[in-house]
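Let's start with one chain on its own, the form predicted on its own, as structure tokens.
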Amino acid sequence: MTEQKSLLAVFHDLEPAADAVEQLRRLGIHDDHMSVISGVPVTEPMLGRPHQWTNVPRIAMGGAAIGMAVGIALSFWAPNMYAIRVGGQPFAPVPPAIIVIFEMTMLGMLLSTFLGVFLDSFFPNYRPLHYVPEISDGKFAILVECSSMDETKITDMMKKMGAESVQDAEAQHL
């Protein structure tokens, strides 16, 4: 059984990092064993990586549905609990009800989206993480999990692709 190693390669620019991701794929490293670490937002197409699916839209739609149900309850159920006749108007006038339903729908979506992003990003994370300080200076890093037999092959390839440094990654508490 081979020992798993974690290698961290630091690149000065995004283009060599994207090329290195492509070369890693050609070497047989699956996307699940690669992580790109960046201090700036980088989308998957910029690196040629597959789109990552998230549950945030489903959570947001669920929150919108709950918010709409609360808005409908506030607009139509609550006035019928305490019926007060005023000048022949209906118990629940529709124009103000539309505003209340809309606002409660948006409030439910906003709160559930925040909660979904919070939970989907595993924040706060108290586990040890791989990190190098150069990432805060605008550089890009690729974390590769590989077998110890492939370590020299991957290290040589990363340096050839323009990595400033390739080192063993050790998870540490930030």
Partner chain sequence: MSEKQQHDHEKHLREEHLMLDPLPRGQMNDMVMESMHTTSWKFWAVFFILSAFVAWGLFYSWGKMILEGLGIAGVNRPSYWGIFLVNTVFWIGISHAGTFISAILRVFKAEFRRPFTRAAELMTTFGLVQAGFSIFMHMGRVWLSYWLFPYPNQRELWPNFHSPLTWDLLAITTYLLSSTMYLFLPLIPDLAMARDKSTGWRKNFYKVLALGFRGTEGEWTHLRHAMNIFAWAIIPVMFSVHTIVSWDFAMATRPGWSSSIFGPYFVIGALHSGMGAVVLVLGVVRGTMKNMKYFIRPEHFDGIGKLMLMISMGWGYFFFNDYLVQWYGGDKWTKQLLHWHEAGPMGWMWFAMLIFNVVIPWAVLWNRKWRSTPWLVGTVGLLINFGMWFERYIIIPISLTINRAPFTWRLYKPGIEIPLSLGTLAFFILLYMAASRLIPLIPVWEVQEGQMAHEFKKFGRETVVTVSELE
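For the two forms, the rigid core is made up of the largest set of C-alpha atoms that agree within 1.5 Å on superposition. Numbering follows the first chain given and starts at 1. In this text, all values refer to a predicted model and were calculated from it rather than measured experimentally.
We do not show the form predicted in complex with the partner chain, though everything after this point is about it.
In the model of the complex, the partner chain sits beyond 4.5 Å of every heavy atom of I66. A residue is said to contact a partner when one of its heavy atoms sits within 4.5 Å of a partner heavy atom; A60 meets this definition for the partner chain in the model of the complex. Taking non-hydrogen atoms only, S147 never approaches the partner chain to within 4.5 angstroms in the model of the complex. The shortest heavy atom separation between I37 and the partner chain in the model of the complex is within 4.5 Å. Residues of 83-115 placing a heavy atom within 4.5 Å of the partner chain in the model of the complex, in sequence order: I84, V86, Q89, P90, F91, P93, P96, I99, V100, F102, E103, M104, M106, L107, M109, L110, L111, T113, F114.
In the core-superposed comparison between this form and the one not shown, V36 has its Cα shifted by less than 2 Å. Once both forms are fitted on their core, a CA shift of 2 Å or more is seen for V70 between this form and the one not shown.
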